[in-house]
Structure formats: C-alpha cells, structure tokens
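We begin with a single chain expressed as structure tokens, specifically the form predicted on its own.
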Amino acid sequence: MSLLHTPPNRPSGKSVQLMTTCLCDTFYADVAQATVEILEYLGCDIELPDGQTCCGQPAFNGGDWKSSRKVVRHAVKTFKGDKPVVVPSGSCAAMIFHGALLAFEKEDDLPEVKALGERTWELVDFIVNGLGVTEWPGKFDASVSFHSSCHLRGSNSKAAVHQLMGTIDGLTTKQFDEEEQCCGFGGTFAVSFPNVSREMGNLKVENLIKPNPDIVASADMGCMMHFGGMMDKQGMTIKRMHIAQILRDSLKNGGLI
C-alpha cells in the first residue's frame, strides 16, 4: 500500500462534503468557519452532513480497532455519495484514506471504506491539487513558522501549503531546525508516554520560535493544541493559527470577502 495519498481523479465539480472533525467541534470552531469561507470564495457548494462524529483515529491509535471500525462505518454511511470529502486536518484525513484501510484489511466492507478514502482530501491538498488553485490572493503581513505535522506526509499537503503561502502578499515563511520532527502529540501517544511527549513538544516549540516568527501555524489542530498548550504554560504570546485561518484572513485583509 502506498503511503502517498493521491485520489484517482480531480473533482469534476465544486460540490463538496465537509468533515469538521472533533477538534473543530470542541476547540477550534473558527477553523471550521474559516474552511467554509475559503471554500465558498472558491465557488464550492458545501454540504455538511448531519450526524458526523469522528474519523475513528483515537480508538485506532489506542489499538482498539474493533471500536475504530464501528466509528469508520458510521463515517461511511454519513458521507455517502461520490462528492469529495474535505477535511481541515491532515491527521483526520490520513485516518480515512490510510489508517482505516489497515483496520479494515480483513473486513468484508473494505471496498466501501476504500471508496471513502479515495475521495477524501486534506483541505489545502484539495485546493491546490483538487481544484488546481496554485496562487492565493489577498494580503497577510506576518512571518510564519509552519509546523508540518507527521500526517501531512501521507499526502501532497505540505508542498501545497508552501505553494499557497509563498504567493500571499506580505507573508514570509520562516525556516527552522528539524522541521520534520514530530511535535510529540500523536493522540494517545501523549497519554501513554507523557514524559517523552513533553520533551518532544518542548524541542518543537524551541525550534518553532527560534527564528522569531509573528505566527506559529499548522494544518493539524491536535498539534496546535499540544504545542500551543506548552507555549501558554511558558507564558509565550506568539499567535498560533491554522492554515485555513491564514488563508481566510488574507482574503479579508485584501477586501475579497
């Protein structure tokens, strides 16, 4: 199984289903709002299926694959049809198009799970490689250290994020040491190995802030919650943003929405 997720076909239309994720529901409602605003700016017709819950990743990472399959089966029923499923989270998207396939490898309903995975996209990967948008308008006067989370490695998202950020007027991307290093969250990893998780997080924070950025950003809210909490505990006031918020705010700053 290839680790690089490449959906077989570019979407023929702009009608999409939005998976808002548990973290949007609980902690990052504005990320979901920003996602809606930028997709609407791009002309997308957005469907928000009722009854969506979770991608199944917490149980999957914890080794309870039976419970994880139950959650994924619910997602398959909830996101029925053939529209692209757009997710403002590399982690949740990767669970649907990669982790779920592992959990269902010996299950009869693997074809349905695989079909959902093939039309599931991380948000910025969808914008660049699904819709073919390679430049982003507006203005964003700030320097940004962007944390490329581990789960972005399973898609074209990292390159897509830097493609768009590199075209935004006023935005400067900061380079920092050990960019590929995990933040230490890893979902249940942070619970099972808190001491290791904390040390990894401290190292990530140290590297992120070393070039003195205005903003620390990510495409994964789990990572933002983890290193953001550490920054808060240390009294750091550097702003944290999701890439969807940066894209949305650049449009607002440019008077485009």
Partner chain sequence: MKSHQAIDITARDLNAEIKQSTYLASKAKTEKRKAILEQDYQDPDKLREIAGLIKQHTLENLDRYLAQAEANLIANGSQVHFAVDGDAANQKVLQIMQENGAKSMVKSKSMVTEEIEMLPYLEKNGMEIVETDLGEFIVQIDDDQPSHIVTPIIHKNRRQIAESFEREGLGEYNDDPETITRRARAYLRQKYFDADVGLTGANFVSAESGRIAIVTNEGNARFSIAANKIHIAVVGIEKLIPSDRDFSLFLNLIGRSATAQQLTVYNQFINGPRSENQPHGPEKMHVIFLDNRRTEVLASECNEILRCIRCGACLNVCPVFRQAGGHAYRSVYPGPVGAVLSPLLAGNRYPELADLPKASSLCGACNEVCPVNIPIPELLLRLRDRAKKEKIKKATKGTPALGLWATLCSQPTMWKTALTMGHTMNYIPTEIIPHPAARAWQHARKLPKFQGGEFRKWFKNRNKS
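Positions refer to the first chain, counted from 1. Bear in mind the structure is a predicted one, so any value in this text is a computation, not a measurement.
Below: the form predicted in complex with the partner chain, not depicted.
- Judged against the partner chain in the predicted bound form with a 4.5 angstroms heavy atom cut-off, the residues L18, Y28 and F60 are in contact without exception.
- Residue contact with the partner chain in the predicted bound form: G186 places a heavy atom within 4.5 Å of it.
- The partner chain is not shown here, but in the predicted bound form it comes within 4.5 Å of a heavy atom of Q181.
- The partner chain is not drawn, but in the predicted bound form it has no heavy atom within 4.5 Å of A160.
- Contact annotation for G154: at least one heavy atom lies within 4.5 Å of the partner chain in the predicted bound form.
- Proximity to the partner chain in the predicted bound form, defined as a heavy atom within 4.5 Å, singles out one entry of L164, L116, V144, V71, which is V71.
- Exactly one of the stretches 165 to 173, 79 to 87, 98 to 106, 125 to 133 approaches the partner chain in the predicted bound form with heavy atoms within 4.5 Å, and it is 98 to 106.
- Residues of 36 to 67 that come within 4.5 Å of the partner chain in the predicted bound form, judged by any heavy atom, are V36, E37, E40, I46, L48, D50, G51, Q52, T53, C54, G56, P58, A59, F60, N61, G62, G63, D64, W65, S67 in sequence order.
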